[in-house]
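One chain comes next, on its own, written as structure tokens: the form predicted alone.
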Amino acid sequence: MKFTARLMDIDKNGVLMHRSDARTVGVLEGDRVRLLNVVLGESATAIVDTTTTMLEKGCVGIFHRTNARLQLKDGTGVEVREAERLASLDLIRKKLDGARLSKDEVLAIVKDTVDDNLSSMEMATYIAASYIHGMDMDEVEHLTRAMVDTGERIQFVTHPIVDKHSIGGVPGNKITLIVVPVIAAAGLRIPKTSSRAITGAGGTADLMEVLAPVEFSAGEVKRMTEKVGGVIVWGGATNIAPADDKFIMVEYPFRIDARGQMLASVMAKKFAVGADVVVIDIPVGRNTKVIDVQEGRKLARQFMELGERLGIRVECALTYGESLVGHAIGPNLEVQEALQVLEGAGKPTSLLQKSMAIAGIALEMSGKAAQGQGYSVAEEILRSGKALEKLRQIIEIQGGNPRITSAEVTPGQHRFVVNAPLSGYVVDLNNRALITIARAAGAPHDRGAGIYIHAKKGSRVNQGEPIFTIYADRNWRLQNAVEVGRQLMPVLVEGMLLDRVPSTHWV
């Protein structure tokens, strides 16, 4: 049937049809139609939404991504027909039934995901099926390769190419800002693609954006890495493993982190940038993704096996995840803390030690340090100022100010100090609650928002001394964060005397 096109500024693949027109074509909401630009001979498949008020009969609303293929002009004619059923839907149903998918079947699902042929509901069904039934290592490998094959890849002439990744779950984990320049200063190449925060208060890309732009093409990432040795960029702008970013957005509302999906997600990005050596940081502890060392070792073996299948050497570091890394949570606060370490500060110890440990493993794996000497080699690079100079080069090539100092990166102007209600020891810090408060204050969108922890777990505090400070760029957000903090009570302070049991009186 022929309709009149109405262009709609909606950034998805789809069309809007009058409900009676949809019935005439033979489709319902959620079905697909095939559209044809007769003049140019271009066609596209789109998912149908319906209305009875927003469009008159005989018109079809063409969404932005759909029209990117059709190249229609507003008011021109377009042919609309019922589309054939996607084969991917039957494959997703197969996964729902608990079956294993072949290489070609996984590729078909991923390709339809990248081409925007699957709706969010259909992608969510695939994610849920994989979460419920799991994936064996063959399926994980198939998914990893499919995500790489449907996006851009970077190939370097000089090797080894180094990369690192943290599976997350711990607030304040800004070690990438230190590890990357240390590794690059050692003469290695590390094209670090990072994510923005989804549930946290600041992803690595959010932190780096405080210092420089982070959105670059794959070609630009290669050029910059070859010139200065490393970059810290947002992976979502590179078109590297693009299906991964789409899956992550579907997982977000459900807080799903299926093991097989996570393995493929991490390793696809590493495989696509040509990494030879990868260090995986696996934080272990309560309120993290991995609750104990035994589970951490199991996950490490899976990462290493997948690495072997892809031709990547992988080592994993099980790290302490019971407390935040350093003292700061939120973009500006974390960047300030990382810059202070690069500028020569010996504290915070947890940030310094974790950064040197991860960098040291990478240096040993790549032959820049002898076995067991990686930590000291990384520490020497840091103390010499070479890492700071390398970060400045990275900032400059990404378009930032290379002369920026930690003193120039400041938290939000609105603040609220939470003091100790009594003298004693900080016996518990709830990481998830701290992240929730930081997000309520505006992080990561408001760069100055966040929390600074003055007294970490095990610290002695006197009544009235500050435990943590909440920062915000806007006062109303600060008030909101303070109220959330009162509800969650993320820090527990108790004296050493927890209780007194009456003594037994001997006669």
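So that there is no doubt, residue numbering starts at 1 and follows the sequence shown. Rigid core: the largest C-alpha set superposing within 1.5 Å between the two forms. All values reported here derive from a predicted model rather than from experimental measurement.
The same protein also has a form predicted in complex with a further copy of the same chain, omitted here; what follows describes it.
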In the predicted complex, which of the listed residues (Arg313, His133, Lys386, Arg153) lies with a heavy atom within 4.5 Å of a further copy of the same chain?
-> His133
Please name which of the stretches 290-298, 269-277, 305-313, 119-127 has residues with heavy atoms lying within 4.5 Å of a further copy of the same chain in the predicted complex.
-> 119-127
4.5 Å heavy atom contact, Asp97 to a further copy of the same chain in the predicted complex | yes
Indicate whether Phe254 is a 4.5 Å heavy atom neighbour of a further copy of the same chain in the predicted complex.
-> yes
Would you check, heavy atoms only and a 4.5 Å threshold, whether Gly448 touches a further copy of the same chain in the predicted complex?
-> no
In the predicted complex, Asp245 touching a further copy of the same chain (heavy atom, 4.5 Å) | no
Full three-residue contact with a further copy of the same chain in the predicted complex, heavy atom 4.5 Å, for Leu28, Arg474 and Arg477 | yes
Counting only heavy atoms, which residues in 64-94 are within 4.5 Å of a further copy of the same chain in the predicted complex?
-> His64, Arg85, Leu89, Ile92, Arg93
Would you say Ala449 moves between the shown form and the other one, meaning its CA shifts by 2 Å or more once the core is fitted?
-> no
So, does Glu79 move by 2 Å or more at the CA between the shown form and the other one, with the core held fixed?
-> yes
Aligning on the rigid core, do we see the C-alpha of Ile62 shift 2 angstroms or more between the shown form and the other one?
-> yes
